[in-house]
Every structure is written in structure tokens, then in C-alpha cells.
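Only one chain is shown below, in C-alpha cells, and it's the form predicted alone.
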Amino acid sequence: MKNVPFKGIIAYPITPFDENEKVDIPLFKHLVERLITSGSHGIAPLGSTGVMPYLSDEEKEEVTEATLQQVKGRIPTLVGVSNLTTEKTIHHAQFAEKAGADAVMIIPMSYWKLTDDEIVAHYDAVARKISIPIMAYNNPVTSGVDMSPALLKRLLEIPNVTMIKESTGDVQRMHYLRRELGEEVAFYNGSNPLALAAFSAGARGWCTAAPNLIPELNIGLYNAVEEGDFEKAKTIFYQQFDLLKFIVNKGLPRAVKSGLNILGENGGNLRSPLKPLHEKETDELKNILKPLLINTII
């Protein structure tokens, strides 16, 4: 498939901060390495899990460079480059390409509601300035913009826009894309609780922060789907379902940081206004994680 470098489990690292709320690059590199060595098929920094909107331009570039330095070409990289303005999005996309990213991911961020034509023009302008592929990211909960299936179809007509990440939680959109654009359309699931349904609908991959905590289960689900063993896939999926719901409902950066700490890893600090999970929420997460670590089924 042309210009589609990703398939499988695309893992999102968190962006950890030190006690002064400065980005902790050494810890970030360590957490990226954990994702690589645990078997993730791709790394995607600077998404929602990486609190990209909370970072300065300089910090985004620092995280981008740190990712590429740590990955060293072992698996493909997908760098989030979204910004409110087209000019800034182009800047970050060009920086990511120069640093060695395999692709960039763009979500249409806006204070004002954008028209479909404005969104198409935004993606087209970025695509004209870089040569690596673009993943169009649809997540109305975080961006405030819901790109319809018809709009996503228009975006895929832009040569560099070769992938779609759907995070609306509506699996019917995935079925629509596959029906309208054929078996070769490259779409990816970004809604954790829909992982099994998305693979059944033909998703090429799953973009998720869960490999920070349960990589064996995430990769086991993908492998079972690839093997055509959907009974095994269902077993593995339902085993991790409660955790997937929890980390989404509590906020990915908070939940992943707390989960890492529970696992004995340093999850770093958060940047204000984000705060850690409350003690009751942490205990709930411990109770969800414990049986997964003891009774993992692959």
C-alpha cells in the first residue's frame, strides 16, 4: 500500500515532566524505549496522550528529536504536528520530516468552527510543503471538530493524505470508509473500547496509549486478528476492556502516569492544570491492573 508505513499497534508515549513542570527528556526516552522493546509496531509522540497542546513550539521540537533519536529507525514514527494555524502546522510538519519522521498526524484544531472547505485547504497546504504521508485524525472530543465520512473521503483525495485515524467511537464510519474507498483504505482505530470492532471492520492498526501498561494484551489482540482467530481475539479484548475504558474516562495522561507508577516505573509529573488521579481512582486502577498482570492470556 503506497505511502502507508503503519500497521498493527501504534503506541502513544506520555510526555513526562519533572518537579518543576519542565519536559523530562531522559525519562521520555526511557518510556519510548519501553514501548519499542515490548513489541509496539509504531511510535506516535505528541498526540493527546503526549499533551501536545500544553507544550511550547520548542518543547514539541525537543520531543520530536528525542523520539527519532531513541527509535533509531527500528519502527516507524508518526509525529503529531497539529496547531491552530496552517502556518504553524506546516512549520512543525517540516521539522518532523527533517528530523526523520516516517509520517505526521494532523487534527484540525480551531477556536472557531471550521468549514469543510477550510479543513481541506488546511490539509492540502501542509501536504504541499512536505513529502512524507499524513494521517488525518478525527477526534471531536478533543478538537471540537467532527469530520464527516464525506469530508474524510475528500481529504484522502489529497496525495499525501494516505491514512485516517477515527476516534469518534462510531464504528459505522469505518465501515463507510471501507465501503466507499475499497479494501485498500488505510484507516486506524483511535477509540480504545472499539478496538475489536474496528479490527473487524478492517482497521489496519490501533493507535493507543495502552501499551504503556499492557503491551502483551494489545499486541496479542492484533496477532489474534491477523491469524483469523476471532474467538481468541474476543477473549483477549474482553480481558483488557475495563482498563481501556478506565484510561479513557480518567484522561490518558493522568491514567497512564498512575499506571506506570503502579507498575514500578517512573511516570513523571503532569503539567498544570492536569493533576494526578485521586487516591480512590488509583486504587481502582490497581484493582483493574492486578489480574491483568497475573492472568495475561496471549
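Note that the coordinates shown come from a computational prediction; the quantities given were computed from them, not determined experimentally. One rule holds for the numbers: they count along the sequence shown, beginning at 1.
Missing here is the form predicted together with a further copy of the same chain; even so, the following discussion is about that form.
J.: I'd like to know if residue 22 sits close to a further copy of the same chain in the predicted bound form, meaning any non-hydrogen atom pair within 4.5 angstroms.
T.: Yes, residue 22 is a contact residue.
J.: Report yes if any heavy atom of residue 201 sits within 4.5 Å of a heavy atom of a further copy of the same chain in the predicted bound form; otherwise report no.
T.: Because a heavy atom of residue 201 falls inside 4.5 Å of a further copy of the same chain in the predicted bound form, the answer is yes.
J.: Does residue 228 reach a further copy of the same chain in the predicted bound form, with heavy atoms at most 4.5 Å apart?
T.: Contact check for residue 228: yes, within 4.5 Å of a further copy of the same chain in the predicted bound form.
J.: Taking heavy atoms only, is residue 29 within 4.5 angstroms of a further copy of the same chain in the predicted bound form?
T.: No.
J.: Ok, 262, 66, 252, 36: which has a heavy atom sitting within 4.5 Å of a further copy of the same chain in the predicted bound form?
T.: Partner contact (heavy atom, 4.5 Å) among the options: 252.
J.: Which residue, 152, 130, 194, 71, is the contact with a further copy of the same chain in the predicted bound form, using a 4.5 Å heavy atom cutoff?
T.: None of the other options qualify; the answer is 194.
J.: Heavy atoms, 4.5 Å, a further copy of the same chain in the predicted bound form: which of 109-117, 95-103, 210-218, 154-162 makes the cut? Say which one.
T.: Heavy-atom contact with the partner occurs in 109-117.
J.: For a quick check, can you give me the residues of 153-188 that have a heavy atom within 4.5 Å of a further copy of the same chain in the predicted bound form?
T.: Contacts from 153-188: 169, 171, 172, 174, 175, 176, 178, 179.
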